[in-house]
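Only one chain is included here, represented as structure tokens and corresponding to the form predicted on its own.
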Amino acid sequence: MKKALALILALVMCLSLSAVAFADGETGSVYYLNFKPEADEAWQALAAAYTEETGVPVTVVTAASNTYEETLMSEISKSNPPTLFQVNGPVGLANWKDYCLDLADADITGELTSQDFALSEDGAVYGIGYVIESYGIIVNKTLLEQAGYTIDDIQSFDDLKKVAEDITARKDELGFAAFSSAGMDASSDWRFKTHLANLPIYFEYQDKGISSTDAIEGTYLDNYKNIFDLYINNSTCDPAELSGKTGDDSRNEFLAGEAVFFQNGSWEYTNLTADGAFTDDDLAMIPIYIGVGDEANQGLCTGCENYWCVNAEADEADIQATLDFLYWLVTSETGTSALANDMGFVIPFKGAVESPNVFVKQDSEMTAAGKTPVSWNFTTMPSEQWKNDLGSALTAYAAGTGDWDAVVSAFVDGWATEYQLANG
């Protein structure tokens, strides 16, 4: 009896000590500031699964669309800051390098399929690319066929223009528009001030054989204008209304069958197929053609801008807990399956599960057929302010309160100004 009592007392004491250690943070915990609103639900479920499996608390907070930098700036200064956050490439790293733990010897770094996905500088690894994504123009193939066309009819900007303008001419008869709204509010404007703006940057870089610049020339800004004009003049709404249109508006219009085309990326797959809204047979993604280069052999815009960084300023126990969580994410069946199936991610790690995402499969098919993916050069945009100024100029242009010269100025003059501010 005494032995049993002693055993119980010992167990109670052990639990009490564990509780104290937990309270002191010595057991470690994880706080992930998530960049992707569309993946929030999946991240919450994955965090709960890890806690159930290991007992380690994982908190996931998701920043609202287009507010990540501001949210990170606010959260990083708190008493319990994120232990895991992200930067969007070399420009983003410049703002946060002092907070980034060197991951050169971390277990997760050894799981990368290529060190090209490690964000490195001076021999240190400050970020780990965690998802390869593609974006382009998502197509409702059923509506396109109702309009009398197929994917094979769109192989260039001229083809896209012909189809879009024909749909607009017959909009009342068909009952749908060519493009969903090019919303220019904060939840949507990144599609145009960042992703669409990548195209003229990409082609200028290709011409010059460079991968970054301190002064963009804007060689292909007429082409940028042409594709943006096509979007806003063949849309579900009047261009003047775009400043108030959201990302949800654009997606919901597409889901409701109000538009054939929807510029977005592979990350939208889950949203579009949830609850049987669309099947894989209904959907395709085509390149964003702007009338430049070998369009017959152009692929989707494919790359990585999402790099995990571990907060070097966090408590030591939390740092270790975060490193363990990251390794589990990319090696465990639970983690890799969730990243592939629930989030639709293609991850650059040895234990990756093949994604069921039809847009990912189409990107692979295009690449296998010899089409050249358009690289993600928007990671070299000089600052968030540059993007915001460009977005404001685009919004004013669409509304008719500004002209295209202001867009060009924001693009070219703004680039030189912001580069100098960022780099001295």
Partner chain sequence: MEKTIKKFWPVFVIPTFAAFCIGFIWPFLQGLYLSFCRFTTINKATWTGVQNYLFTFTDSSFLHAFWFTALFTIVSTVCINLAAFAIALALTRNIKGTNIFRSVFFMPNLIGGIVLGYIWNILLNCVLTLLGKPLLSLHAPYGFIGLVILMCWQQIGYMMIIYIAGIQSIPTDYLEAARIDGASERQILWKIKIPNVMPSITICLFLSLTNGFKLFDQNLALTGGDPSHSTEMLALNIYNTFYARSGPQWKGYGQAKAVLFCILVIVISLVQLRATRSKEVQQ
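Numbering follows the first chain given and starts at 1. What you see is a predicted model; the values in this text were computed from it and never measured. Rigid core: the largest C-alpha set superposing within 1.5 Å between the two forms.
Below: the form predicted in complex with the partner chain, not depicted.
Taking non-hydrogen atoms only, residue 38 never approaches the partner chain to within 4.5 angstroms in the predicted bound form. Taking the partner from elsewhere, residue 145 is found to have every heavy atom lying beyond 4.5 Å of the partner chain in the predicted bound form. Contact check for residue 313: a non-hydrogen atom falls within 4.5 Å of the partner chain in the predicted bound form. Within this chain, residue 244 lines the site of the partner chain in the predicted bound form, having a heavy atom no more than 4.5 Å away.
Looking at 383-391, 357-365, 29-37, 54-62, the stretch with residues near the partner chain in the predicted bound form, meaning non-hydrogen atoms within 4.5 angstroms, turns out to be 383-391.
Comment: the partner chain is not present in this chain, but in the predicted bound form one of 95, 320, 120, 334 has a heavy atom within 4.5 Å of it, namely 95. Only one of the listed residues (262, 269, 99, 130) places a non-hydrogen atom within 4.5 angstroms of the partner chain in the predicted bound form, and that residue is 99. By the 4.5 Å heavy atom rule, the three marked residues 116, 343 and 372 all fail to count as contacting the partner chain in the predicted bound form.
Within 4.5 angstroms of the partner chain in the predicted bound form, the stretch 71-94 places a non-hydrogen atom from each of 73, 76, 77, 91, 94, taken in sequence order. Annotation: Cα of residue 369 displaced by less than 2 Å between this form and the one not shown, core superposition. Core-superposed comparison between this form and the one not shown: the CA of residue 66 exceeds or equals a 2 Å shift.
Residue 312: CA moves 2 Å or more between this form and the one not shown after rigid-core fitting.
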